[in-house]
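Only one chain is included here, represented as structure tokens and corresponding to the form predicted on its own.
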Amino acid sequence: MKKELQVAALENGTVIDHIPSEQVFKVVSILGIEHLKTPVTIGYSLDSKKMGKKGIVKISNKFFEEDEINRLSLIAPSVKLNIIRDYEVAEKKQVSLPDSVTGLVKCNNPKCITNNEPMPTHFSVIDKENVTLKCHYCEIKIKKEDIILL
């Protein structure tokens, strides 16, 4: 007997697909999805031919700005976005890592000025493929697995 997951179709909104399962709730947090008043469906640890296990987030009547979407690439660079209008996929987007990130990632150097003064962090992305950031102020390098989101 074949079982399928039944989730209501989205009339208008955004589907964030191909999220690594362990990153699903970070994606929800980084986009502030928990504060939305519109219907949200979160799929976690779903079977995927490409990824083994994946997550998916469907947000009704919400369309994200480019900079919001690109922040996802810090934690889930393989994410795909489907923009839904009138129950149809109107647009597909692949996230991409921006050249710099401001006010989103904590500097891991306790002596960095951003950890001791009220100022936003600022990082250059020095390796987009492996996600490596470099602090503008203290020049520490942070690898993807060591990124702490603010």
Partner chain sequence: MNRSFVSIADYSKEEILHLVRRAEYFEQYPNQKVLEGKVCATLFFEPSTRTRLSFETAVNRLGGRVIGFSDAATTSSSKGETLKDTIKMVSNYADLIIMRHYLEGAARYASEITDVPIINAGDGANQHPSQTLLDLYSIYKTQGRLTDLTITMVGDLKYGRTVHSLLTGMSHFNPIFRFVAPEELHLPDIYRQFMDINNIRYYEYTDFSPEVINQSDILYMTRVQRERFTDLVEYEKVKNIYVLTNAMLKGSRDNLRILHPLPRVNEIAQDVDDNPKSYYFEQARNGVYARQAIICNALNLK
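Positions refer to the first chain, counted from 1. If you're wondering where the values come from, they're calculated on a predicted model, not measured in any experiment.
Although it is not shown, the form predicted in complex with the partner chain is what the next lines describe.
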query: Partner proximity in the model of the complex: residue 136 to the partner chain, non-hydrogen atom cutoff 4.5 Å; finding: yes
query: Any non-hydrogen atom of residue 116 within 4.5 angstroms of the partner chain in the model of the complex; finding: yes
query: The partner chain contact at residue 18 in the model of the complex, heavy atom, 4.5 Å; finding: no
query: Touches the partner chain in the model of the complex: residue 109 (any heavy atom, 4.5 Å); finding: yes
query: Location of the partner chain contact in the model of the complex, chosen stretch of 60-68, 43-51, 89-97, 118-126 [non-hydrogen atom, 4.5 Å]; finding: 118-126
